[in-house]
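Only one chain is given next, in structure tokens, and it is the form predicted on its own.
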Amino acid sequence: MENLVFSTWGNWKDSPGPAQTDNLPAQFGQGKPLRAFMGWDGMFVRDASVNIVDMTREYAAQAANQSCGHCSPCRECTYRMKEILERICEGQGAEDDLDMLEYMARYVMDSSYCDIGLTSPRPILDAIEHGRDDFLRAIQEKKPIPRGNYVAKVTAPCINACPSHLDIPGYVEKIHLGRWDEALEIIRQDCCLPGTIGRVCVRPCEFNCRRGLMDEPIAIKALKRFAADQELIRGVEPGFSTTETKEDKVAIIGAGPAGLACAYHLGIKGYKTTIFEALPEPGGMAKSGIPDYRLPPDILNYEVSLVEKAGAEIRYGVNVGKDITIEDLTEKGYKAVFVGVGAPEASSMRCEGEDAGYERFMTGIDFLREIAFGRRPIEGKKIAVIGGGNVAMDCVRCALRIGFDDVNLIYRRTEAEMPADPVEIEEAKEEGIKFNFLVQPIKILAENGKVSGLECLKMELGEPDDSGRRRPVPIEGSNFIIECDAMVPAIGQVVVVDRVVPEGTELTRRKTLVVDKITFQSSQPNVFGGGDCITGPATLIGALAAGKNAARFIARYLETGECRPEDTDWMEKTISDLGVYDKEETMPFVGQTRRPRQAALDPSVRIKSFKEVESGFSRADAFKEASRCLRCYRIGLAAV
């Protein structure tokens, strides 16, 4: 309980025990302490000067404002609790107010369906229990209480897990109500490529869905796709609510997800942007690294066209750092530059022979890029792909579709450690890919300058490494050969931002761009960055989030000359530090429902073309699936 006045945080868990005080954040922002916090799992106070009565009033007001009204006890009682607490803070409280507050708080918890009603009374009850003397004093003294300074935020386990913090329960509920167009409006506030993300997202939200503790997570990704597809199916032209056009121009380097998101959100704010893209088409790794059977090009191209309608101009075939520099862009009148160049090159496999220049050897990044632009990269019938991530999955599945009939995936750990999407692994198995686990390549074999095989070692798993996965250890003398006439290593990607930014710009040892974690501003004040070039190879939704957030701070920089986080930004960090999803939570009614499955082409059919494998939900399936959402909103309130 060090540095705490008191804490009830965590004592609402299903398992009895003391309040959980480990790792409770002490700082709210830079140089600003977190004086107290009220939320879904109780409350904690670090500063004795915080007025618990006033803070409870503010929390109750937030709860009343967030009550959806579907459960009448929550709708009526949260409003009444707010009124009572406001009356107490105005010096007009009555002796029986505390009993009434406790009664209504417990009534709301016992009768509500969603988490606003189930969790928002918790800190109110805690405040009355631990601060009863303060409440009684306020009632008896009849003096108005000055209002404190608070920051409130609504979150949910899925929202907190999503890098872009989409209002997932909000758009899922709109789909349940049959309002797909309103759902799409909610999605586009934080994700400008909903049809794309609805097909290829790695869905961290679903792995943090409380419904999954009961039966199966909500099919959040598929519901996002459903909303986006409806716009195309119905031929609806989306509208844009943009502000008045600003004079300042912004240059964006890279038409990948980060750059597109930055351009879109700046366009909504009225800023014209120019995107400089080295490739002949937009999308970055979404185009050149994700095969058409997962992401049809017409979907991506349509969503890029909406970014252009929002105010972006895309100039193709321009390699910034080679054809033009950031200094040149500044001289041409661009007041700010966003760098979103991604990680477009392959990592070394550290295998003997990989630098020998053998024919029919190609990195996974180049292999997928060639296929994306309609070319067969390498000839052969037997191919070995090395790696265990999504790029490796894409490579082996593409290899089948371009004519290889013997496709081996080689991975040095077991399937349990593979970082690839489990859905991709399962579909690859269905298509006949051969998985070789606990295998380490050590030498590429060749005949007449062409790949002829791969010498490997068998491995066993040892202790966990820095990634948390068990480290593969070679078994001495276990050498064997996998015959192949083509080889594709897909083990990682390399950032090239050092070729783009001005000399002197701060970089990490991995040569990623150093930026402020909240504002995305680099050591060069007019240069911002986001996506893989700051994190290393990561997720598409993470890149979209970076572009969206950077756009907000670029606009602030252009308008004020400064770039500082606001209280709402620090509140996001506070909530992330606390954590929202509790994987140990005990849920009622286990095994009640199952989510519908998206129809997929038969493996024997789909391997013959790049036609999209999965279809979207029907309206009936989307409605039914959306109805499974538990609406797990939670309210957080910080005293600062």
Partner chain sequence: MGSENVIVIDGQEFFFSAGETILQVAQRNGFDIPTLCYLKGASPTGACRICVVELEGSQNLVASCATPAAPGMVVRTETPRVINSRRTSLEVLLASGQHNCLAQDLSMDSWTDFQVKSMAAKGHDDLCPAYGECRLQDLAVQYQVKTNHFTPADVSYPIEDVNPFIVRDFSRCILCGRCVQACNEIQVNNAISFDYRGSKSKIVTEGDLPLKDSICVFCGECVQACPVGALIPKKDLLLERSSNETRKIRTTCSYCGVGCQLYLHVRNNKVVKVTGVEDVGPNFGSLCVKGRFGYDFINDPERLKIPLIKENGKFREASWDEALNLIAEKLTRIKKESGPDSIMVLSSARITNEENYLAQKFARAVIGTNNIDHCARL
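Numbering follows the first chain given and starts at 1. Note that the coordinates shown come from a computational prediction; the quantities given were computed from them, not determined experimentally.
Here the subject shifts to the form predicted together with the partner chain, a form of this protein not shown in this document.
> Using a 4.5 Å heavy atom cut-off, are 437, 479 and 482 all in contact with the partner chain in the model of the complex?
Not a single listed residue reaches the partner chain in the model of the complex, so no.
> Quick check on this chain: which one of 113, 373, 240, 207 has a heavy atom within 4.5 Å of the partner chain in the model of the complex?
So the residue touching the partner chain in the model of the complex, by this definition, is 113.
> Select from the listed residues 560, 448, 72, 467 the one whose heavy atoms reach within 4.5 Å of the partner chain in the model of the complex.
The option sitting close enough to the partner is 72.
> In the model of the complex, which of 44-52, 596-604, 581-589, 568-576 comes within 4.5 Å of the partner chain (heavy atoms)?
It is 581-589 that comes within 4.5 Å of the partner.
> So in the model of the complex, does residue 122 come within 4.5 Å of the partner chain, heavy atom to heavy atom?
Contact check for residue 122: yes, within 4.5 Å of the partner chain in the model of the complex.
> I'd like to check something about residue 281: if you look in the model of the complex, is any of its heavy atoms closer than or equal to 4.5 Å to a heavy atom of the partner chain?
No, no contact at 4.5 Å.
> At 4.5 Å between heavy atoms, is residue 56 in contact with the partner chain in the model of the complex?
Output for residue 56 is no: heavy atoms all beyond 4.5 Å of the partner chain.
> Under a 4.5 Å heavy atom criterion, is residue 77 part of the interface with the partner chain in the model of the complex?
Heavy-atom contact with the partner chain at 4.5 Å: present for residue 77.
> Listed by sequence position, which residues of 189-221 have a non-hydrogen atom within 4.5 angstroms of the partner chain in the model of the complex?
Read in sequence order, no residue approaches the partner chain (within 4.5 Å, in the model of the complex).
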